[in-house]
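A single chain comes next, written as structure tokens; it is the form predicted on its own.
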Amino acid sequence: MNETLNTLMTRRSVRAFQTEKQISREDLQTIVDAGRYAPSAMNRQTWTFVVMQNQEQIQSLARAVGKALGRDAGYNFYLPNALILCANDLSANPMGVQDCACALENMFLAAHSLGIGSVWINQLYDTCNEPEVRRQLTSLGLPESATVIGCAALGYAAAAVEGRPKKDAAETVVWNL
């Protein structure tokens, strides 16, 4: 199997990260660039990426999201080393959700290829316009008109992650050749 297919088929969601090991700025740049190179509808590239590595900011945002969702005080985005928000102005780009989904998948694959774990955080999609959440997003540089489609929580895995078995192709693939 070639390197690209191996990366695609071995990437798994990581929900427990090492807290002491930092992701380098160079690796974060590579991951964000992979997102920027994702396909977008009509090549509009209307997304905005917010890259966070300050733990106080990440956890402050997690607390605001957790409060908006009615979660307990322990809600923490799995304590990632870094968090990348992918957002789009859906009134200006009706394909912004799909564009950000492609960008996030590229970032997850790039992170995996660098030995960095990742997991999709989707709770901001429903909570980004809650007043406290929006205030924090605005203070981080996200435009008021942008909806956070998803986030890449990143870090080095605290332990090996075993993948769940995939469904049999007969259950999920229809061939009409």
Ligand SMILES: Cc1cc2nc3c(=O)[nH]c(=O)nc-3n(C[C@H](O)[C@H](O)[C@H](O)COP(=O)(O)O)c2cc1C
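Note that the structure is predicted; figures quoted are calculated from it, not measured. Numbers follow the displayed sequence, beginning with 1.
Just so you know, the form predicted together with this ligand exists too; it's not on screen, but the next bit is about it.
Picking from 114 to 122, 136 to 144, 61 to 69, 44 to 52 the stretch near this ligand in the predicted complex, with a 4.5 Å limit on heavy atoms, gives 114 to 122. This ligand in the predicted complex is approached by Arg15, whose closest heavy atom lies within 4.5 angstroms of it. The shortest heavy atom separation between Lys166 and this ligand in the predicted complex is within 4.5 Å.
Residue Tyr78 is the sole member of 78 to 98 found to place a heavy atom within 4.5 Å of this ligand in the predicted complex.
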